[in-house]
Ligand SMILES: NC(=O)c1ccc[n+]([C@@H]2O[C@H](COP(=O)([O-])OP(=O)(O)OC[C@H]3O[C@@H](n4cnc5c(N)ncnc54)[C@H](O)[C@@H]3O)[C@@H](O)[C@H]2O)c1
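There is one chain below, alone, in structure tokens, taken in the form predicted alone.
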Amino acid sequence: MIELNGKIVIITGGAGGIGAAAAEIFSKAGAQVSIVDLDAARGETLAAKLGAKFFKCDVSSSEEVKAVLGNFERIDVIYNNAGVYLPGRDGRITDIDEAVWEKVLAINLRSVFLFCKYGIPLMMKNGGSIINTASSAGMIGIPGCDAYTATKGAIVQLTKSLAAEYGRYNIRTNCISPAAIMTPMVRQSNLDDDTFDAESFLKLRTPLRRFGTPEEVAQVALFLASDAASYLNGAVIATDGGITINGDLSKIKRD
């Protein structure tokens, strides 16, 4: 069993979805978890259940991020998990409203910048692990969500730059790129869309023929946070059931 005994962990976007699953799994592994989220109701409830700390925070606000991090003298793990996709508002670059573009970049990318900028100094003495959340949209071309894909592609490359720069301080930076994980955001962006054919998607695009769970992604994050991943730095782990390596499964000869 992977253990995080005594490690001080911050999880952004930790009140729901993958973040909440990670908060629970990390807590069970012995970590001192701090949940950072704008949703105080869910965040406080989860924190009380887990014996964790909760900080209400707009992760795109420099002042609020600095206020949160001011509560720590040391951090062992920063899990930059906060992110949004805005269906119906995100879209083709020629159609996206500038305010939508700015909002998606602020939450998805600026939050990573802020937590790394002000969090890394708290890791430099003892080392640590930074885990960034990208997406299949940061690895392959996906039409119709250009603001989202821009942020996720940037996170992939920022992960590599951070890994190269801060590895000398024994700070490992890695990235998880999920896809087809059954979270509220996926339900909102795909399953609630009448034009999305879930059956065909699973049959033709998803080699495992099913959606993933938040817990499956959180287990990957647990590994990256732990000493078991002590020589893993700059990795981009596609946690997607094989979606990003697949062309069209209809080409496979049927049994």
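Since we're looking at a predicted model, the values are computed, not measured. One rule holds for the numbers: they count along the sequence shown, beginning at 1.
Form predicted in complex with the ligand: not shown, discussed below.
**Request:** Select from the listed residues A154, V100, I140, V84 the one whose heavy atoms reach within 4.5 Å of the ligand in the predicted bound form.
**Result:** If I apply the 4.5 Å criterion carefully, the residue I get is V84.
**Asked** Quick one: of A163, L122, I107, A150, which gets a non-hydrogen atom within 4.5 angstroms of the ligand in the predicted bound form?
**Response** None of the other options qualify; the answer is I107.
**Asked** Exactly one stretch in 174-182, 67-75, 89-97, 123-131 has heavy atoms within 4.5 Å of the ligand in the predicted bound form; which is it?
**Response** Selected stretch: 174-182.
**Prompt:** Any chance V33 has a heavy atom within 4.5 Å of the ligand in the predicted bound form?
**Reply:** Because no heavy atom of V33 falls inside 4.5 Å of the ligand in the predicted bound form, the answer is no.
**Item:** Touches the ligand in the predicted bound form: G17 (any heavy atom, 4.5 Å)
**Value:** Although the ligand is absent here, G17 would touch it in the predicted bound form, with heavy atoms inside 4.5 Å.
**Prompt:** Going by a heavy atom distance of 4.5 Å, is S135 a contact of the ligand in the predicted bound form?
**Reply:** S135 belongs to the contact set for the ligand.
**Message:** When the contact criterion is heavy atoms within 4.5 Å, does E216 count as touching the ligand in the predicted bound form?
**Reply:** Residue-level check for E216: no, no contact with the ligand.
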